[in-house]
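Quick heads-up: it's one chain on its own, the form predicted alone, in structure tokens.
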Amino acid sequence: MTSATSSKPRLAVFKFASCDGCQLSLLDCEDELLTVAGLVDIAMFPEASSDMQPGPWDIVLVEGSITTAHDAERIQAVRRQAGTVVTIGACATAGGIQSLRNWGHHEEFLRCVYARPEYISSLATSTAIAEHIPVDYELRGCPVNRQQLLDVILTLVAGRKPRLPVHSVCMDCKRRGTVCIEVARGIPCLGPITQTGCGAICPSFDRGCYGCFGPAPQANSQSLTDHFLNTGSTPDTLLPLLRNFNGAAKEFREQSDRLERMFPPGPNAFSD
């Protein structure tokens, strides 16, 4: 789908419901940005340029979740014009922090926030891009790891298949020599079931991993949740841990829902 005047792959970047942080991760690649710009034809990138060229596009990066009926239609139109689709960030891959609405009362929220809620057109859910269209590759994180983003773009430009690391954050802790804070201090940590990407930053500062890169492959989230419960963690601690940036990801969602079934919320409970 390269243009008639250029042999470079055509790159497009689209935003849906998000904070723009993952797009900015690409713009933050100051030392490498000119190299990337020289290898692709940036056809559509509203965050960076007013020159917006129509499709088709060879590589499409998509940030953000689907939260309106209009966006659900728009992502279908993007997919029809796209060669390879790469979703970037927790919003695009798991619904993002805004997916907390999935457990709330949408109409009530609208009435509380907006003076004229009848003018607001939004869905009661925030969902990942892959729930609406076929996605070729997913880059996790809030925001994405910029080196992973660069690697995916450069690998696709070279005509190869990207290979993303899929081990858990626990392996990164071992490589850094970080003492396990769950074992040593009893701090609940999602590192065993969270995919690598951050470099295990939080455990190195004595804080439990809160899953910003989403579930690792074959994550045994039920076993970990049961372990936390059996070692003294309370549901009102675990539920916010699971319902975070990737709360709507299947593995995290199932366990937070199970916690609510096991410990039904009262009038002042953690899920209100």
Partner chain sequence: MSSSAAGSNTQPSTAHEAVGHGEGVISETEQARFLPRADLQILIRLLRDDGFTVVGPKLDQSAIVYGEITQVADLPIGWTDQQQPGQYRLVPRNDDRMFGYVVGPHSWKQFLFPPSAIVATAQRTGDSWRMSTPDEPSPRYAFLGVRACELAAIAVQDKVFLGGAYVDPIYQQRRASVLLIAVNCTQAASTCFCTSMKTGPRCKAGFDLALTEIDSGFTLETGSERGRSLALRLPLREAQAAELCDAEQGREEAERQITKQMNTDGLHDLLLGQLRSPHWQTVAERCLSCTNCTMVCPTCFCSTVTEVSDLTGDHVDRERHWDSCFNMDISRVNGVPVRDSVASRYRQWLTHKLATWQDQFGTSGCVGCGRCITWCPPGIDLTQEVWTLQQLARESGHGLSHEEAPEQTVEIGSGEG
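Fair warning: this is a prediction, and the values are worked out from it, not measured in the lab. Residue numbers count along the first chain shown, from 1.
If you look for the form predicted together with its partner chain, you will not find it shown, but the lines that follow are about it.
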Given that its partner chain is left out here, which of 185, 80, 105, 116 has a heavy atom within 4.5 Å of it in the predicted bound form?
185
Given that its partner chain is left out here, which of 111, 146, 175, 74 has a heavy atom within 4.5 Å of it in the predicted bound form?
175
Tell me which of 27 to 35, 48 to 56, 65 to 73, 235 to 243 has residues with heavy atoms within 4.5 angstroms of its partner chain in the predicted bound form?
27 to 35
Would residue 224 count as a contact of its partner chain in the predicted bound form, using a 4.5 angstroms cut-off between non-hydrogen atoms?
yes
Would you classify residue 124 as touching its partner chain in the predicted bound form, given a 4.5 Å non-hydrogen atom cut-off?
no
Its partner chain contact in the predicted bound form: residue 162, any heavy atom under 4.5 Å:
no
4.5 Å heavy atom contact, residue 197 and its partner chain in the predicted bound form:
no
Contacts from 40 to 66 to its partner chain in the predicted bound form (any heavy atom within 4.5 Å), listed N to C, are none
